[in-house]
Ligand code: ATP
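First, one chain by itself in structure tokens, the form predicted on its own.
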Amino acid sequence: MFIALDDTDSTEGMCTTYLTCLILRKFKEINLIADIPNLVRLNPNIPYKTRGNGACWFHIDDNNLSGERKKEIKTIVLDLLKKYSRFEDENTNPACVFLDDENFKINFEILNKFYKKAVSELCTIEEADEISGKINATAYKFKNGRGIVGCLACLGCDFSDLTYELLIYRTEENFGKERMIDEESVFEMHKLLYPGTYDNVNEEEHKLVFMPHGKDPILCGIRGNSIEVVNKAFSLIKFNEEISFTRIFRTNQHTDAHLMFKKISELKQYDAAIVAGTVIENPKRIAKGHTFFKISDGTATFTCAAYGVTRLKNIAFNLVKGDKVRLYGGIESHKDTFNIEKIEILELAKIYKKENPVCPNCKIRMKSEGTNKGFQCKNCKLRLKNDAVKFIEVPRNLKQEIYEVEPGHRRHLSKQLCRYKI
């Protein structure tokens, strides 16, 4: 039996992974052992998300489950969902889905197709309801039930690329309090294990970035390429507050699963995409350092933005008209702006500056006589025509490579450059 949960948290607290862990801990008490749980991030541009737009699912072998046992499982899940979901938040619309092994197997292609849309584009509740009926899932929806989108989409994740996250949970009395972790132990762990584990620290600003903010139950999350490395990282960190429990999740985080190659003319609001084109005007910078420029791929033009909180603002500002780029990102609330997660320089335009000629007699720089009037040496008075001007290529301070957002400002799904070798 496959069990999926989504949209139980809020900006004021809770976490769907926490609810998943509580369910699994309850199952263990009644001798039900589930496979490793899964955390699947979906389209980060969707406006209806509460925080990280993540849904969870896990599996219990249903070959030897009686009807009574299945009923007991559903009762436990629904009771805990009703107890811990933040129903008071207007943006919290929980759902859970139960799907037997046989229907999962024969309908996985349908689920996978839905996942690929939900991780990259906007999906509706109506689409999810239709799929739920088509695959014979048992779905429970609360309030407007938007969580059913995440429940069905996460079951279709194929984990063609995957990572792991070891989540450390706080005791209830510490919810909302300052998180207490020995900072230097995290930096020491980072030195030893990077790039096996990543996005734990921002070295440039010398601060920890693997801790959430607010009242949710997570103390921190250690992300990595294997179960072994996240466990090793956990063993090296010194925690200055009591830990309630830990759990490792398999996840699609840091895989760029959300980014689909598209032409600019194909872009729709809330899409996550990779687009390539030519810069058609020099970038402009506004207040707070936000940098904007336009690109065209021959099908359409689009305004692109690198925001002032990240280093990409400087990369973007150094682009010039004629540069060819590939941009990774998406469209959020401003439907006419593509927000950049990564910039790949494909080809740099050549920039030239004019330089007055050197007098062949006196070996000094000649002076311009005025627009299109040529040049004259101030010593020997030699005159040269206007075509004697020299054009010198100006070195660019960009390279033909990919530039990424620094740790702490990266989206859950964005793939780090250190993972490109995996």
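The first residue of the sequence shown is number 1, and the count goes up from there. Model, not experiment: these values are computed from the prediction.
We do not show the form predicted together with the named molecule, though everything after this point is about it.
Item to check | in the predicted bound form, the residue from 256, 121, 165, 332 that sits within 4.5 Å of the named molecule by heavy atoms | outcome: Looking at the other structure, the residue within range turns out to be 121.
Checklist entry - Heavy atoms within 4.5 Å of the named molecule in the predicted bound form: which of the stretches 350-358, 38-46, 58-66, 393-401 has them? => result Only one stretch passes the 4.5 Å heavy-atom test: 38-46.
Checklist entry - With the partner left out of view, is residue 146 within 4.5 angstroms of the named molecule in the predicted bound form by any non-hydrogen atom? => result Yes, residue 146 lies within 4.5 Å of the named molecule in the predicted bound form.
Checklist entry - residue 414: heavy atom within 4.5 Å of the named molecule in the predicted bound form? => result Judged by the heavy-atom cut-off of 4.5 Å, residue 414 is well away from the named molecule in the predicted bound form.
Checklist entry - So in the predicted bound form, does residue 20 come within 4.5 Å of the named molecule, heavy atom to heavy atom? => result No, residue 20 sits far enough from the named molecule in the predicted bound form that none of its heavy atoms falls within 4.5 Å.
Checklist entry - Though the partner is not shown here, which residues of 372-396 have a heavy atom within 4.5 Å of the named molecule in the predicted bound form? => result Contacts from 372-396: none.
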